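Here you get one chain, nothing else, as structure tokens; it is the form predicted on its own.
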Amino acid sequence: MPLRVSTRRSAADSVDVPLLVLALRRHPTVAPDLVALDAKLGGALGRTLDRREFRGARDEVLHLAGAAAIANPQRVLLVGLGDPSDAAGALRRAASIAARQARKLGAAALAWYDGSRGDVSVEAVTVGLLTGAWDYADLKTPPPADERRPELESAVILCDDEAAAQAVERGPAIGEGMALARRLAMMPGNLCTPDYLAGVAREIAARHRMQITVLGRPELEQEKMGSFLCVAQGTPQDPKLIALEYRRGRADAKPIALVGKGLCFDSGGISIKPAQGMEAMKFDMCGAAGVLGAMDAIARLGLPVNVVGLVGSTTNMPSGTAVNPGDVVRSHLGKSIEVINTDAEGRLVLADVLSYARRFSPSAVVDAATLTGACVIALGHTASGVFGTDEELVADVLAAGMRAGEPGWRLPLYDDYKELIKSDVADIKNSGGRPAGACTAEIFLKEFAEEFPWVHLDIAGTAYSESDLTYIPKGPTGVPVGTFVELVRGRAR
């Protein structure tokens, strides 16, 4: 059950909840509106801060038990904000930590106090609480009844701002979109198949009255999508191209197209990956999950804009029918492609999906994919790689990512990189080798995105984490849902 978040005009000392969370900046003191709470705690809060046992550093956590003589609040949790330049981002991160801690403590409800005002802050806290409350336990056997802790069911944000009520309604739309993307990404590849993604898309379309088109193998063959189909020819699973159309803008307004790579499992094909860590290749559909999560969130927000969500989904498997290194295929756009490396499959799928996007006459196209390990080497797990052909769109995407707490960094698309993907037998080849691996991958995609403003997000380092990040656990992060939503929301204003 999703976490219920609300706002309340209430003093911190008067809320009767299992857990009160105080989010404090670096070098905190007892604020005037916390004096009464400190008195109820027997001065424990003031002493803790005076002794600098809690300093408000980013991600710092300290648990104070409530005083025995009072019922409200029962326990107090201090969470550090640090000294952030991005206040909303710091609140979102701290709220996620708070919700995770509440789940560990078995608190069924919490109250949140940070002393700030404004709808931006409340929305950030709401998204953070939902992010931290998320868990994927669908496939786990529940513990015995006597070992189960209460689930975190509700959270109240202490705020007297009148705009907070609207903000707390927007937050769940984004939070639920991110939760959907994370759930899809976390599902194992034998469950989250191309058919399953198509089913989720149909459910979103039905719930929000969107138009949906799903193309299977026969339809892809009719469309002459040889680049997409060559990836799918090694698997018995039916590949899917999914198009979701959200039309809430002017009838004559061109839509924004969001495109996602949906490799539900990527073995590498004939160019097979090493066995160690291959199980993480179920995350190779995070771009597709991001599109579906964003489309759900955009519809929940009711944004007055036209958006098309496009997903290309299949699995990349080695078999007697799999595409071979050295094979040449013809793309939907008509360009011939020499397949140098079958593990460079995401760009082969995206090439045809980007070409297919032309029929919607988009005003802009932004695609996201866990595309290259080279981008992880370049930027690590902090920022997504951003490539683009339109300066205004690139700037909009970078700004959207910052607002969403999903930073990106622009990387170049120099014409010299084209030399690295020239083929001796075809128009182009799908791999330029190790040098500038991320840039040559995007130069390849650029060949299929020349008829519209285009930006690519390489989320290989940011869509999932191989370790616990404190504010979210090991696994999918929800990137790029926030960036997609903020981009569309920014253009809808």
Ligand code: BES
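Residue indices: 1-based, along the sequence shown. Predicted model, so just to flag it, every value in this text is computed and none were measured.
The form predicted in complex with this ligand exists for this protein as well; it is not shown, and the discussion that follows is about that form.
For Leu457, no non-hydrogen atom is located within 4.5 Å of this ligand in the predicted bound form, even though that partner is not displayed.
Contact annotation: Ser96 falls outside 4.5 Å of this ligand in the predicted bound form, judged by heavy atom distances. The shortest heavy atom separation between Gly373 and this ligand in the predicted bound form is within 4.5 Å. Contact between Asp343 and this ligand in the predicted bound form is found at the 4.5 Å heavy atom cutoff. Annotated contacts: Met281, Arg347 and Tyr464 all touch this ligand in the predicted bound form [non-hydrogen atom within 4.5 angstroms]. Interface residue among Lys240, Arg182, Lys261, Arg92, judged by heavy atoms within 4.5 Å of this ligand in the predicted bound form: Lys261. For the residues Asp352, Asp296, Asp367, Asp266, the 4.5 Å heavy atom test against this ligand in the predicted bound form is passed only by Asp266.
Residues within 4.5 angstroms of this ligand in the predicted bound form, judged by any non-hydrogen atom, belong to 373 to 381 and to none of the other stretches in 77 to 85, 408 to 416, 230 to 238, 373 to 381.
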